[in-house]
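The chain below stands alone and is given in structure tokens; this is the form predicted on its own.
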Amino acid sequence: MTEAAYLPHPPSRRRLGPNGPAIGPVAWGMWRFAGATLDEATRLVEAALDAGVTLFDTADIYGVDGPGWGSAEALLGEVFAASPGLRDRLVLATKGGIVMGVPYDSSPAYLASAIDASLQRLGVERVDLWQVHRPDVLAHPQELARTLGNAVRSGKVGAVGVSNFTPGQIEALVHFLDVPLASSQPEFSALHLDPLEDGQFDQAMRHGLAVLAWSPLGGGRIARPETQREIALAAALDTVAEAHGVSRAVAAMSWIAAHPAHPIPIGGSQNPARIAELADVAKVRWTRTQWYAVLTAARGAPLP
């Protein structure tokens, strides 16, 4: 098949914000990272780096359902302390703004304290990307914009992003920000198409946002399909996976990355062998027909 038959290949590197660090086409998420031993944790970090992953995404709440609040960040901080030089090899992202029992607080005082607490647990003076984890509808976007701008100007944060914001919430925040918004992190997979359909991808392309797609395997349902729709989707993905000699999971993530917004799927496996597979995402090529076949199966209905 000729090169012209394929969709454009996702860039091997792109900037996180106008002047930010270079990031690859896949990221590694650390929501199940807490609870590992130091040796196990170090092997996982090294496996992701060996797979070409540059962006590592964590959050202050990760681990709250296991060892406790902040435990994923604290464990990563132990890895950095025990293996000097690892921190400089990755782009470090974390999130805050969720408060157990509240549930959200994006007030200036709380976010400033959350950033400081994350830095302390991670054992670093600066994170490359800090994201508001969930929108606090009681925070005026102008006030939030001022808080995020101050975080960047303080030097504690290299760039700012949002997670789980609607397109309208993003637009309002961008209006008031005096620093660039670098990223948005929505849930997106072939089984959760909202960002494709609600304008968020179009908005990201307009503003130059990096889209970080969480749960790219549909919460495991793509790997273990049960419904008729999920089985049809798995079959469409398998056609491409088998042609390229990769797993269905890799095909599913490459399908995400093939969209012109070039969303960055966040792989969440805590298995070194599966983390190594992230290197294969960039190898898969899609024709327009194949890509739309997956979308049609994902929708469970013909396209208009």
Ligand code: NAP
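All of these numbers come straight from a predicted model, not from anything done at the bench. Numbering starts at 1 and follows the sequence shown.
The form predicted together with the ligand exists for this protein as well; it is not shown, and the discussion that follows is about that form.
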| item | value |
| --- | --- |
| The ligand in the predicted bound form reached by all of D57, S215 and R224, non-hydrogen atom within 4.5 Å | yes |
| Single option in M30, V45, A261, V240 placed near the ligand in the predicted bound form, where near means a heavy atom within 4.5 Å | M30 |
| Contacting member of T147, Q203, S71, N164, with respect to the ligand in the predicted bound form [4.5 Å, heavy atom] | N164 |
| Location of the ligand contact in the predicted bound form, chosen stretch of 207-215, 71-79, 174-182, 109-117 [non-hydrogen atom, 4.5 Å] | 207-215 |
| R274 within 4.5 Å of the ligand in the predicted bound form, heavy atoms | yes |
| The ligand contact in the predicted bound form: G268, any heavy atom under 4.5 Å | yes |
| is_contact(R121, the ligand) in the predicted bound form, heavy atom dist at most 4.5 Å | no |
| Contact label in the predicted bound form: G155 to the ligand, heavy atom within 4.5 Å | no |
| In the predicted bound form, residues of 110-147 near the ligand [heavy atom within 4.5 Å] | H133, R134 |
